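As structure tokens, one chain now follows by itself in the form predicted on its own.
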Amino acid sequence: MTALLQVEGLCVSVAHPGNSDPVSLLRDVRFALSPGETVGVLGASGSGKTTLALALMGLLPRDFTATGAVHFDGHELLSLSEGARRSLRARRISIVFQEPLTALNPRQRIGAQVAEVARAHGERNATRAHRLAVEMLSRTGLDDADERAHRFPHEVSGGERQRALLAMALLLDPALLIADEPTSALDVTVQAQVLQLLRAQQRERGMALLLVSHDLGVIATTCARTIVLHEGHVIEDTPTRQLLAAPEQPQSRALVDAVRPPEPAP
């Protein structure tokens, strides 16, 4: 099967004032993702997970430099103009960020923020855009979506805010969804609901899912394959079941051991 996403030798660095050499954040990252595939990106804090997600989306800060090649859906993303990248975002490749309270605009109602995605991509009728937004909020599990669409982010729960972000990301039926720590700010019960929703939406749409997390427990319940990042390097790219049974690298082993139940006391 032809890869939907092919990352080849991706490097990301950032220049710091006073330092003669830029600091490397990602080094020679290589992996592929097929249509409909579910892949986890696992790593401790500072391993480069979010940097990778932002690089794929073309959302790196201005002082970051990305080199290598990122082929997606017939496009080489790193060489595209910002306008071309913007036309792909939400329509073909989309992202859900980890903290919905900061990712959402606190001064704008939830429904308006979802509808804005449709308006930005050509829907000129405000009423139709709002109707699409309410329908998508309902499909992502938001109860009383029509009423909640008129609320501000601070007026709904964390789980409902995360559903609003997911509605924004899925509105235009992307081929690839990147979920960057989508459950890290949620309690265990809501976390399970959001993961179940992600899996259901993926099956319904046939989209590929790249799930970024520091939590192997989250990835183990969702992803068939896992990429392990350590200090900006890919140190493992393996079926998740194999990673859980026999991690090859000590850093991977430490992540696996962190989710195993402790041995009972003698």
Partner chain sequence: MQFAPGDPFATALEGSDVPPSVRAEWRERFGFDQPPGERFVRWAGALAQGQLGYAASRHRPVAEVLREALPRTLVLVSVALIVGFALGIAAALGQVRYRRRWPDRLLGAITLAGVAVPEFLVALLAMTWLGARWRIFPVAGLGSLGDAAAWPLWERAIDFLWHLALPAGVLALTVAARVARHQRAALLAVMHEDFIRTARAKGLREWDVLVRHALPNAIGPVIALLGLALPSLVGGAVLIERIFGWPGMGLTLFDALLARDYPLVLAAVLLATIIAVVARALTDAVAEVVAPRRASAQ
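Keep in mind it's a predicted model, so treat the numbers as computed, not measured. Residue numbers count along the first chain shown, from 1.
Beyond what is shown, the protein has a form predicted together with its partner chain; the following relates to that form.
(Q) With the partner left out here, check for me: in the predicted complex, does some heavy atom of Q108 sit within 4.5 Å of its partner chain? (A) Within the cut-off, so yes.
(Q) Taking any heavy atom pair closer than or equal to 4.5 Å as contact, tell me whether T102 reaches its partner chain in the predicted complex. (A) The answer is yes: T102 has a heavy atom within 4.5 Å of its partner chain.
Q) At the 4.5 Å heavy atom threshold, is S138 in contact with its partner chain in the predicted complex? A) Outside the cut-off, so no.
Q. Heavy atoms within 4.5 Å of its partner chain in the predicted complex: does A120 have any?
A. Contact with its partner chain, yes.
Q | Segment assignment from 27-35, 66-74, 53-61, 201-209: heavy atom within 4.5 Å of its partner chain in the predicted complex | A | Heavy atoms within 4.5 Å of its partner chain in the predicted complex occur in 53-61.
Q) Which one, L165, A129, A149, L142, lies within 4.5 Å of its partner chain in the predicted complex by heavy atoms? A) Exactly one listed residue reaches within 4.5 Å, namely L165.
**Q.** Within 4.5 Å of its partner chain in the predicted complex: residues from 69-95 (heavy atom criterion)
**A.** Sequence-ordered list: R86, R89, A90, I95.
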